[in-house]
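Next up is one chain by itself, shown in structure tokens, the form predicted on its own.
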């Protein structure tokens, strides 16, 4: 620890901690314009200057570490004059029509101009013409830009797109797309979030509302299992005073949002109340053999479904959560604990990582952003194991391991063999690795011992290692043995494990519900899923219920954190709690069940209204609570490896494009609807199709038609097939042998 003083106050700081960070932690104000906590200091605004006794000139507090015995001053006449002059430079020729600027009321430049009493300008400079740019979901006005560089830093260091840069030209410098004539990025909108002025704005939101007109509703993103914090900003609209979501914001100092979270907010259900449909729903449930439901629900809804199952003696189908629960059961049998040990924060702090079984950039952008942070800030060595390369990860990964489709069990076995080479295993575990036919596994997986040696060399000095496991592994037919191997790696090495399900609340449902294996039954009620009678927040259901942005409740994210979410828009129809009441299961509100969630699996008896929902001043996550760890009996044994399967011919990989996750994102108006089958030139030859062909794609018992697009960034004979628009369950192994036929039009 370093001992020093700021403004005469004795403080302590960690070695290497900057003056600005230490000051903020102790509630000492130092003004900034270009600083963001989650990136390296930009150092471009110079507002954060301080004086240090014995040092000539001013010191930048944002990038200067505190040193032992230093005496620092944050306010003086000289510092005040310096900051006033900086603000005058910022204000030169900056348009003053604040009443029509989207940033008015929450603008850093506006706030600092008032803070430093800039009432007049003593100098001017000749202005130049700067054309506004329309970049799709994002508009850029260079006349408002102060070149703080926040957008450039966050795009490179946190998101990983590295899509924009400063075109240097003195007073005429502007932000431009990097190495392109147009903005080529994933449109996360994080540049909008961090922009301190109105230079970067949402094209849909621009000129639609002032900041002070909007009400903020803290919530949790409903699109993937990262559970990112966000705020829905709503406003009364129309003659009846109905609310509408105008935009989504996030605490950009510490968290990031993907484009689906930021722009895909209009998936609410506006269907009217229908009492006849409600009566039919009650009758259908009473006569049903089972209820099939998706994991895009709250914990409280899952609990209600469990109570309905017990009351009526029917089955519950959710193969996504059931397979996840089985995976975790196998994992627990070796690890001795119910929950995985890793988190998004562990990924951010990692200096080594392995990802297997996920096209992570689109499956879970929150994990991608955490990996980008680890790579940029820690120099993390990142191994990406998958049958397909991913161009979105090329700026982050240090080693790509291409394995053959279906061989994930063999891949995990050789990874464990390399990582645990010097571990003190028990006799049965040693026997498992001694019996491995490494030559056969190397040949069938296409991963060789040299690749594994390179991986271990790159990891030699790493201390914080993380193993990230995706849905391709969870849904694999040998998932139980893969889970045991992952737990073994965690048990005997310094790897922590993060298991990443696809849906927002797969983890929560797996801990709450007793699930049956889905059967081909005719009399099944679907709850946000297929059935003979469908209760859903999606259009075309037999009974309408609220979407997740219209509910109070909680979900569990991959941090094993129970997260609250709130009502952004009112729903005038029926809820699952109304159905439960009609079936004799009585509670006034859905959130009355929050304190009754299954404590045997780690939930706590906490009232919903007692769940906090904010990030603290230094970024501490104060949302909800972490599940209690549950000790399990560790009696699991590794199974002998099965023969590794072969996938020949044309193979499709079911994964969604950027910004799409499911049928709910498909309903939103701003998110791009990319529903092409995309493949490489090699795939064209194997499937005997050409760019632009309309094709019929068959896999399993499913047939769909899509237009084929040749994608020069893809390699091999695997094509990408989106699922958000056709409702393929998240429980299936996502590689499929397929039959492709050109449709003659």
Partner chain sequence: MKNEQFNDRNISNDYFKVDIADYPTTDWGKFKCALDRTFKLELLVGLWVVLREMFKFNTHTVKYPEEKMPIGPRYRAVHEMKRLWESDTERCIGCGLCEKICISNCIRIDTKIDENSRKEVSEYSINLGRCIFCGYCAEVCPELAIVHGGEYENASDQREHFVMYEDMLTPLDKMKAGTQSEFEGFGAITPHEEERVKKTPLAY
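Positions refer to the first chain, counted from 1. Keep in mind the model is a prediction, meaning the values are calculated, not measured.
Just so you know, the form predicted in complex with its partner chain exists too; it's not on screen, but the next bit is about it.
- For the residues 605, 648, 125, 117, the 4.5 Å heavy atom test against its partner chain in the predicted complex is passed only by 125.
- Between its partner chain and the residues 237, 572, 172, 599, the one pair within 4.5 Å by heavy atoms in the predicted complex involves 237.
- Although its partner chain is omitted here, in the predicted complex none of 400, 440 and 715 has a heavy atom within 4.5 Å of it.
- With its partner chain left out of view, the stretch that reaches within 4.5 Å of it through heavy atoms in the predicted complex is, among 550-558, 346-354, 94-102, 389-397, 94-102.
- The closest non-hydrogen atom of residue 132 lies within 4.5 Å of its partner chain in the predicted complex.
- Although the partner is absent here, residue 209 is a contact residue: one of its heavy atoms lies within 4.5 angstroms of its partner chain in the predicted complex.
- Although the partner is absent here, residue 459 lies well away from its partner chain in the predicted complex, with no heavy atom inside 4.5 Å.
- Using a 4.5 Å cutoff between non-hydrogen atoms, residue 213 counts as a contact of its partner chain in the predicted complex.
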